[in-house]
Ligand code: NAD
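Okay, so here's just one chain, in structure tokens, the form predicted on its own.
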Amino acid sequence: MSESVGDNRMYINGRWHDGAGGEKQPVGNPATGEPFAEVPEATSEQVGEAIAAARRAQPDWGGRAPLERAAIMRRIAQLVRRDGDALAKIVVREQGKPILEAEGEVGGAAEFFDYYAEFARRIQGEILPSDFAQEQIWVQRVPIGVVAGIIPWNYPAALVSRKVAPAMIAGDTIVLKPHEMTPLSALFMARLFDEAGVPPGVVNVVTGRGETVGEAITRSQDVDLVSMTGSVPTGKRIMEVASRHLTQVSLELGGKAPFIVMADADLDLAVRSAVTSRFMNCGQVCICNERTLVQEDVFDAFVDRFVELSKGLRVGDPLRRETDIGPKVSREELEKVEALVDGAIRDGATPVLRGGRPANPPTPKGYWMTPTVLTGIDPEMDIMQKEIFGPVVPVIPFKTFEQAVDITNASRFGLSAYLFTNDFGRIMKAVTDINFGEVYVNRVGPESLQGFHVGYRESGVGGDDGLHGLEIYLRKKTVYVNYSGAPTVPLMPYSGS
């Protein structure tokens, strides 16, 4: 390997482990196309050990005072900030996003722990009146138990926190599987968990491929919740496997975000927002602007400005602070996006900005891709229906707001949608009519910690963030407490000796 990132063994029950089978998986740098590290491939037996460790640790962890759990979580946040520069560089090297974006991601990773630590005094139950005198009915919120967290490659540090932090404050324990292409951020954070004093078994990180490690996690009957962020096919497979034991699932899957621009919108704001939302992280964000819908009156002006701004974006070394767009994460992802663009052009789309692999790439073997902007689009084209997940945007005109809503809702996805307008009545109508889990009005993402990141249709079930995201990591227990000394119903006669 050409570079070293230290000890990359798995973290199970407070100890560091190699793969029991001796296999290792390379980790590549998208900017160079070359491997620079390797991690162990967990066996199914090691996955079972991690789940068993989490099961053993849960009663003690869940029985601790929430303030005690919160104190450890705040320590984790401090350590993430202390080592933020090193973690951000790991994110860049294994995932490819520009360093400024990586630094923002690491800041968010710390904030998840601070935010959920605040719930130490906020996980509330209910006391309900009984039908009988001197009796109460309690509805408690208790830990769900052992959580399996499965995360994708596009935010390899922040998504660790998104799964681990709510589990910890809820009193759950967790087995986390990072994506096989980007495991180093999770392993780096595991070292911080250990330093912060997280008890053995509370957080476990196992590495390996989805078809082995992911499958072993989701088919275990000792897992109480599978919380997964990733692709639709993987989510469907997880739901199928987890259903065998009626294991609860929370799935945040793909997106095909519409970006609607009305003629009355602030056009400069809309254009700059559309560029940011499309090209952040090389377009590899589930809430990215995947299809831009612009009212006819301003369509030409919007496209001209959008193309001009897109041309000015700097594709280059993601470790340089002036870089706007880094490489795609892998050759497979690069070729997938290229195929969608080629198919759209064959079907009649017009490339008003024809990007792709640059003639003079920053490095010869990196997975570089410059922006592409397409017009002449039909709503039924694959590029309007399938998730692109790259620096490519189809732009389509519409006549009326109702037509834009129809195009928006004609999707198997339903995660995030954007609307730019200054008509308050139209805003209120959009809130009702746009059938998506998140609607952003006159702004773009990212989503806020205190919100609820939720998708409809094939964008998933369950959700993340805020109070409602925390609820997924808890279950309810109903307790009937009679303190009268008298029965509430006639008792059966006792005939024993």
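Worth saying up front: this structure is predicted, and the values here are computed from it rather than measured. We number the residues from 1 along the sequence you see.
There is also a form predicted together with the ligand; it is not shown, and the following applies to it.
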Fill in: Close approach of E215 to the ligand in the predicted bound form, 4.5 Å, heavy atom
yes
Worksheet item: With the cut-off set at 4.5 Å between non-hydrogen atoms, does G255 touch the ligand in the predicted bound form?
Response: yes
Worksheet item: Though only this chain appears here, would P143 touch the ligand in the predicted bound form if you measure heavy atom gaps against 4.5 Å?
Response: no
Worksheet item: Looking at the partner-bound form in the predicted bound form, is R331 within 4.5 Å of the ligand by any heavy atom?
Response: no
Practice prompt. Report the stretch among 87 to 95, 400 to 408, 384 to 392, 350 to 358 that approaches the ligand in the predicted bound form to within 4.5 Å, counting heavy atoms only.
Written response: 384 to 392
Worksheet item: Can you pick the one in R74, R209, R426, R272 that has a heavy atom within 4.5 Å of the ligand in the predicted bound form?
Response: R209
Worksheet item: Quick one: of L419, L159, V203, V147, which gets a non-hydrogen atom within 4.5 angstroms of the ligand in the predicted bound form?
Response: L159
Response to the item:
Restricting to 165 to 194, the residues within 4.5 Å of the ligand in the predicted bound form through any heavy atom are K177, P178, H179, E180
